[in-house]
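First, one chain by itself: the form predicted alone, in structure tokens.
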Amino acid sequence: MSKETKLDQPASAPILEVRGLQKSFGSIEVLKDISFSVTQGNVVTVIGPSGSGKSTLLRCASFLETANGGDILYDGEYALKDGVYAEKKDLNRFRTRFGMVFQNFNLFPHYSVMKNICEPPMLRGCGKEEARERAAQLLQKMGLEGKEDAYPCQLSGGQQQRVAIARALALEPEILYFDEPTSALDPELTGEVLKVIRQLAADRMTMVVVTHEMAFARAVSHRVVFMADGCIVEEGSPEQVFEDPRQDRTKQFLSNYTK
């Protein structure tokens, strides 16, 4: 177990609330009555076997997938209520509250690093100079000074993922979603990216992280959500979920990992 000290639990109203969320692809139920919340400054990790619905949960929360039922609230406002979405202009406003980091980076291959980071805030009305200044600060934070004019194909996978994190942060979101951000990386590059996410946690960035990195989840989470077969099987503090799981399915899953 990491020797890092987890942050104290912040106390505030939820930034994100998910209630009874449902999602099906044809006759296959992928999400079944999912409910959880995330408060400001929290890191919530979502763990579970492949095919349990973890990534679909993030894609529904970020409107990349259309949910079939339930509620999604941002700062107490309904983006989805009883399976019905808010108006388009309101959904666009909700989209400004979160950023998304994908497992395969999703950078624009024909854009330089600087343009990859600057383009999203500029599309939302940020001035060019302000966007470049913000990008330069983020590249320094990510340890990528000197890479401004490089293209994604000239970077390692870990560097590409750090650019993707900088791009998401450039939008100044309230909450960051990470969809298995290290699954496409080898172990050495995985460490680079997890170090950045740990620093964001220390900076009180609100995050929901879908991950297969159990030591990381145990070290930095305020809450851990264990999913299997489209359901939340267990949710609790890292200590409770990893050291004293209540459900047999959780115990079975964790038995595959060295503590």
Partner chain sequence: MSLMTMIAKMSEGLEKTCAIFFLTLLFAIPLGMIVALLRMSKNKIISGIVRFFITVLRGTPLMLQLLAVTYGPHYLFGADISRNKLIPVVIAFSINYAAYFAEIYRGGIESIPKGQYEAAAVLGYSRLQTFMRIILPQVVKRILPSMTNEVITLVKDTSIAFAVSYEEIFTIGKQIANSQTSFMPFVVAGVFYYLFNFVVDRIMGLFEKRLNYYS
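Residue numbers count along the first chain shown, from 1. Since the model is a prediction, treat every value here as computed from it, not as a measurement.
Form predicted in complex with the partner chain: not shown, discussed below.
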Problem - Proximity to the partner chain in the model of the complex, single hit among 73, 171, 185, 131 (heavy atom within 4.5 Å) - result: 171
Handout entry: Partner contact for residue 110 in the model of the complex: the partner chain, 4.5 angstroms, heavy atom
Key = yes
Problem - Residue contact check: residue 167 to the partner chain in the model of the complex, 4.5 Å heavy atom - result: yes
Handout entry: Close approach of residue 95 to the partner chain in the model of the complex, 4.5 Å, heavy atom
Key = yes
Practice task
Determine whether any heavy atom of residue 138 comes within 4.5 Å of a heavy atom of the partner chain in the model of the complex, and answer yes or no.
Solution key: no
Practice task
Using heavy atoms only and a 4.5 Å cut-off, decide whether all three of 59, 120 and 123 touch the partner chain in the model of the complex.
Solution key: yes
Completion exercise
Note: the partner chain not shown here; in the model of the complex, the stretch from 73-81, 98-106, 140-148, 185-193 having heavy atoms within 4.5 Å of it is 98-106
